[in-house]
Each structure stands twice: as structure tokens, then as C-alpha cells.
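Coming up is one lone chain in C-alpha cells, specifically the form predicted on its own.
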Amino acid sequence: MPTIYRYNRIIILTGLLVVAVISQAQELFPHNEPASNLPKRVIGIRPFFKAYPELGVVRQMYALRLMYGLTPKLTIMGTISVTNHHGKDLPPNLVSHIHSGTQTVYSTNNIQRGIKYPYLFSGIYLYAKYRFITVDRKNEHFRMAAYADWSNVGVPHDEAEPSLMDDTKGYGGGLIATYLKNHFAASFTGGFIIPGHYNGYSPDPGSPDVPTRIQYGKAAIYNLSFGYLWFPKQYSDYGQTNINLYMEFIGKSYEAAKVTQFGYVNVPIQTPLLEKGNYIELHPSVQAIFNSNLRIDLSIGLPIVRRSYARFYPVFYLGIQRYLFPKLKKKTSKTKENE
């Protein structure tokens, strides 16, 4: 009897997760979190990879994300990443100065692209999402959630645009609204980033490296995602493969960076890399879900309104995700005797 009872619990928990994944399949957006949550005590593992070509060099990011359903309404995540986006110090010529008589003229400049950099550990990125509105109807639901994120990333990022995932330390937050009906889902994410700064050194030909501080620009995020369950049209069993199609628009506006050398010299910003900016990218994606548990995402990113100076295009993305079920506690012998 106790063994049968434990098996029944396993079947029930497995069934609940399968139903949750299937019912929300078209809102498992590759690039944006939906307002829905991971089921309680379920662990998710997602390794993912991004790459883009840069003048003969392929810039790459390898990341690993762990997710956990802390409560039915609260999901937490942690991500670590390794990239070859930056060197160990700021690039040459980003900040320079010349001597004119008794004066020193400081400037910021465009940098050489296509330089080979080593793979460096970026840091730790943490994310928490709390769902506070749930409206469920037959084949339809609406959810809203609030999120907060933080990172200690400390690489020598050389653009004003902040990105907590792999470029800048800092924190942020925002709101997510997701609507699903039948095979279609739409979600909007609005948020902000308050980035930290980078303290390092800027090469100065013929002289010792110059102590340099870059304060990255604050940013507003406005992302819109659409998802469609293309296959199957109707479920015959939970083991069926799901094919989902996505169209995600990723937008960001950010302030100019502030550059300081020697602790007191405010360097004029004279390059678009460090000026304020905004852009919107388009990321079409295809997703396959096998046995309601193994998920594979493929996407390509292109600029449609201006562009990001933090990367070249196109941006390729590959992600794989799997869930781990909680272990059930064994009953004590006293409990077993009473059954």
C-alpha cells in the first residue's frame, strides 16, 4: 500500500507538470520570461549559447541557468556565463588624450573591431519573478508578474548600453503581462536597468595605463513577444512533440555613459559607442518540446529600428531546457504501520 501510494504521488506530480508545460507551450518564449511560473519545487536546467560574427571573429557566450519553483507564485533563477566579448582591460583608443601646449585634451573614440579576446567568466546573474494576477478561463488565461534582477558582472564593457546578463553589474526590475488563448500567446515586458560602473585601466601608448572609470547608462526595456503552437493541432497523448513559432521584439533605450580618468577628469563623449541610444531588434524563433520535458530553442536576431552598438548582426541563439522533478520523502515505519 505505501509503495502504491508513492507511485500515485509520482504520477500525479508528473501529470501536473506535463499539463502545465503543454497548456503554456506557446508562451515559453526563448528570449523573454512570461508571467507564468515554474511549478513548485520543480528544477529547470537551461544551457544556452549566443554568437554573432564580428569582422572575421565570432563572438560567443556560453551560459548555464538554473531555475527553481520556490512557491506556486515565485520562481527564482541563477545564471553564469563565459564570453569572448571583452579583453581583460579596456580596449586601446577607447579613451585617449593629447597634449596641446600646457593643456591636455581628452577624448573618446571608436575602437578597432575584430580583435581576438580570451574567454572570460562574466559573473553571476540572479532573477526572481512573482506572479500576482491570475485569470483562468477555458483555453484562455491572463497573468501578470513583477520581476527583479541583479548581477555582479565585472568585465571591461566598452559601450554605454547596459546588459546585466553578461556585460554590466547592477540591478533592475519591471512588470510582465501575458495573455494566452487557444494556440496563441502574447506577452509584454516593461522594465528598467540601473547599472553599476567599471573601474579599470585604459592603455596609453608610451606611458603607464591610465586609471579609468566608466559609469554605464541607465536603461528602459520594452519587449513584446508572440507565440503560436503550430503542431499538434490537437493532442492525442502527452508524449507528442510540440512545435512552437515565436516572434519577439526586443527594445531598449539607454543614457550616455560617463567616463572619468585619474579620478577627476570627465572625458567628453565623442563616439556612438558611449552615447545615449535606442533600438528595436526582431528575433524570430522555432521551438521543439519533446515528451513534455525536453525543450530546444533556435533563433536569429536582426535590427529593425536603429541598432545595438554592443554587438554585430545577425545574432544566433541555441537553448536547451529540461525539468527535474522533486524527490518524494519516504514515510516513516510508524506511518506505514498505521496505513
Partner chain sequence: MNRLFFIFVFLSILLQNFSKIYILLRFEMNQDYIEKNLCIKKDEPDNCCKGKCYLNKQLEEDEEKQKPQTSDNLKEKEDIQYCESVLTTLLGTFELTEIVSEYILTASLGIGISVFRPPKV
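For clarity, every value in this text was computed on a predicted model and none was experimentally measured. Positions refer to the first chain, counted from 1.
What comes next is about the form predicted together with its partner chain, which is not displayed.
Residue 88 falls outside the set of residues with a heavy atom inside 4.5 Å of its partner chain in the model of the complex. In the model of the complex, at least one heavy atom of residue 307 sits within 4.5 Å of its partner chain. Within this chain, residue 175 is remote from the site of its partner chain in the model of the complex, having no heavy atom within 4.5 Å. The closest non-hydrogen atom of residue 139 lies beyond 4.5 Å of its partner chain in the model of the complex.
Comment: its partner chain is not present in this chain, but in the model of the complex one of 279, 313, 62, 68 has a heavy atom within 4.5 Å of it, namely 313.
Site annotation in the model of the complex: the residue of 303, 284, 44, 39 reaching within 4.5 Å of its partner chain with a heavy atom is 303. Comparing 110-118, 235-243, 193-201, 140-148 against its partner chain in the model of the complex, the single stretch with non-hydrogen atoms within 4.5 angstroms of it is 110-118.
For the stretch 45-63, the set of residues having any non-hydrogen atom within 4.5 angstroms of its partner chain in the model of the complex comprises 53, 55, in sequence order.
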